[in-house]
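This document opens with one chain alone, in C-alpha cells, the form predicted on its own.
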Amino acid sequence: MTALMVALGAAIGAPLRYLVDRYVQARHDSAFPWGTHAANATACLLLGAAVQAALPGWAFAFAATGLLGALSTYSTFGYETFALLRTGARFLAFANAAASIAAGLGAASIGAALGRALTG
C-alpha cells in the first residue's frame, strides 16, 4: 500500500515539476535555473507543512514522499550547477548553490511554522 501511494504521488509530482520548470524558465532570459529553484523551494515549503500536519501514514507516503519528493529535484540542481561551472559562469554556479540551499531551508522552516499554526 505504501509503495503504491508513493508511486501515485510521484506520478503527479514529476510532471508537475516539469510544468513548473518550463513555466518559470519561459518567463525570463537568464542562464540561472529559476525553474528548478522554484520547484525545489515550493517542494520544501510544502514538505515542511506536511511534516507538521501529522498526516496518516498513507497520506504522508503519497504527499510527502511521492508527490513532493518528485516535485523537488536536487539532482537537477546539482547538474545545472556543474553545467554553469563548465560554461565558466562561476558566479551563477555559486549563487545557484547558495540560493538553493538557503531557499530550501528557509522554505521548509516557513512551511513547518505554517503547518504548526494550522494544526495547533
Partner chain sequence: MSETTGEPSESAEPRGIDPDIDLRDRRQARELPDAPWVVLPLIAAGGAIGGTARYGAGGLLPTAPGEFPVATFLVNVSGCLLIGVLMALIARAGPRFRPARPFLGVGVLGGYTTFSTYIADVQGLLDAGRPAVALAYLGTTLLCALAAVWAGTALAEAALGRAGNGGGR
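Positions refer to the first chain, counted from 1. Just so you know, these numbers come straight off a predicted model, no measurement behind them.
Although it is not shown, the form predicted together with its partner chain is what the next lines describe.
**Q** Against its partner chain in the predicted complex, would Ala49 count as a contact residue? Criterion: heavy atoms within 4.5 Å.
**A** Output for Ala49 is no: heavy atoms all beyond 4.5 Å of its partner chain.
**Q** Do Ala7 and its partner chain share at least one heavy atom pair within 4.5 Å in the predicted complex?
**A** Output for Ala7 is yes: heavy atoms within 4.5 Å of its partner chain.
**Q** With the partner left out of view, is Ala26 within 4.5 angstroms of its partner chain in the predicted complex by any non-hydrogen atom?
**A** Ala26 belongs to the contact set for its partner chain.
**Q** Taking heavy atoms only, is Ala83 within 4.5 angstroms of its partner chain in the predicted complex?
**A** Because a heavy atom of Ala83 falls inside 4.5 Å of its partner chain in the predicted complex, the answer is yes.
**Q** Can you list, in sequence order, the residues from 66-80 that come within 4.5 Å of its partner chain in the predicted complex, counting heavy atoms only?
**A** Gly66, Leu68, Gly69, Ala70, Ser72, Thr73, Tyr74, Ser75, Thr76, Phe77, Gly78, Tyr79, Glu80 sit within 4.5 Å of the partner.
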